[in-house]
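The data below hold one chain only, encoded as structure tokens and taken in the form predicted on its own.
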């Protein structure tokens, strides 16, 4: 939720207080320090979205600050442009560079991702220092200051308002972005991306969007820096500065936009004091504050991984929960095939991992309006089969057709677009997001609002419709009272039910449920069985993996039994329960 809109009185007090800072009889030094806090805040906000929300660690943001600064410096000193007119060029240069780097960087994972950002961060730093046109390591000087109506904004008290107005705009745009369909897609990346991809999120595109957005904020910071400092050189844009920016985001609160501002404030003030205090205590000159920052980073990661801003939030009144507009227009429904019509046809599907055959030429079919059980002992290949059907895995061989169309090998998001929704054997929710936000991810493909519309709040009508749908599905599965709780606060069985609500938000023609009754009590299993029967009556087809044989036998119309990746039996529950091969492999005498 937008933090400023959630606490309007607090926001008004903070804004008035900030606006009064330059008017107070403070030394110019402190006003200048607040200006630099604002410049750092822009970079830290971008890192909050990139690292804290999107899960991509970057040590190279200082390079984007340098790109923005050098672009404006060249245009103003060599071509005589006004600093105000160079902003579009700064955004364009930074955006193009970030897009090119991001196309490669966002595909990295694990420790390769931060190493990649260090690599191009160093490269850009040395590029600044070795190009004659950019002044090499001496840089460019004599940049014009910002001016309004012929009045040059030279002193820190006048440029203060320019910087913090830009910071305010960045905070509002960033909060708006997170509180949207696109923002949920970005936040879903923290869960690893597989669940998000299975509900239509183009994860690589979402990563690229947040990567470029964070770079653009850094570029704007560089544009401001160039004309506040009135000179640029490579030294402020190296990897050391990138590490400091990352520390600001982590220290403040890596999942909170205002945490970036708070972290920038703490680190900038602390750095200034340590630079003057530590040499006196040690009796030698040096960048000893870097040692303190290293210790501080380790301490935060060990004892306060969410940063300091959540501690501040606990001292403030909680914002009101998101209101669901029940009068919003319902989302359009998908036309479902007639009962009994062919829906899914699996023909000799095979999945081989090296010498291990996990699914061995399995064939079966599913008709519209059926509940089919896919059963077998642990390791039989059931979840692997689910992954083949939903595009998580590409089959080694065989055919998978849905509504007559070949889907084998298609990306998960494209299969989801055809009306296939699923849950997972191991719950894949984003624990820090609320229950309703997790469920709303399921409706991602039923919305169209993009990044710009989200940041400018042009998506509100669509958002009301999506949240109405999410709330309706939660009520349908009996979890309406948990709407605004963090998903991680629910019991495991309830989290599985939340996954079902998320899948229903896709408005599926076929629903794949992987052990949905695991962790549920007897009464909850009865409620789930009633819900699945209702869905079948409405025309939704269901493929079910479950180990509770009593639950499966009473609910399903048809069973497919796997063992060691092979189909060993198929038929009605009554017939399968008497099959000798099934009794030997799995059921153990259940009749």
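Everything numeric here is computed off the predicted structure, so don't read it as measured data. Positions refer to the first chain, counted from 1.
Quick note: we don't show the form predicted together with a small molecule, though the next part is all about it.
S.K.: Looking at 229, 432, 396, 383, which is the one with a non-hydrogen atom within 4.5 Å of the small molecule in the model of the complex?
M.R.: None of the other options qualify; the answer is 383.
S.K.: Tell me, which of 425, 235, 360, 418 has a heavy atom within 4.5 angstroms of the small molecule in the model of the complex?
M.R.: Looking at 425, 235, 360, 418 one by one, just 425 meets the 4.5 Å heavy-atom criterion.
S.K.: Just to confirm, residue 112 within 4.5 Å of the small molecule in the model of the complex by heavy atoms?
M.R.: The answer is no: residue 112 has no heavy atom within 4.5 Å of the small molecule.
S.K.: Can residue 456 be called a contact residue for the small molecule in the model of the complex at 4.5 Å between heavy atoms?
M.R.: No, residue 456 is distant from the partner.
S.K.: Is the gap between residue 356 and the small molecule in the model of the complex 4.5 Å or less for some heavy atom pair?
M.R.: It does: once the small molecule is placed as it appears in the model of the complex, residue 356 has a heavy atom within 4.5 Å of it.
S.K.: So, in the model of the complex, is residue 379 in contact with the small molecule at a 4.5 angstroms heavy atom limit?
M.R.: Residue-level check for residue 379: yes, a contact with the small molecule.
S.K.: Which among 295-303, 370-378, 473-481, 182-190 is in contact with the small molecule in the model of the complex, heavy atoms within 4.5 angstroms?
M.R.: Among the candidates, contact is made by 370-378.
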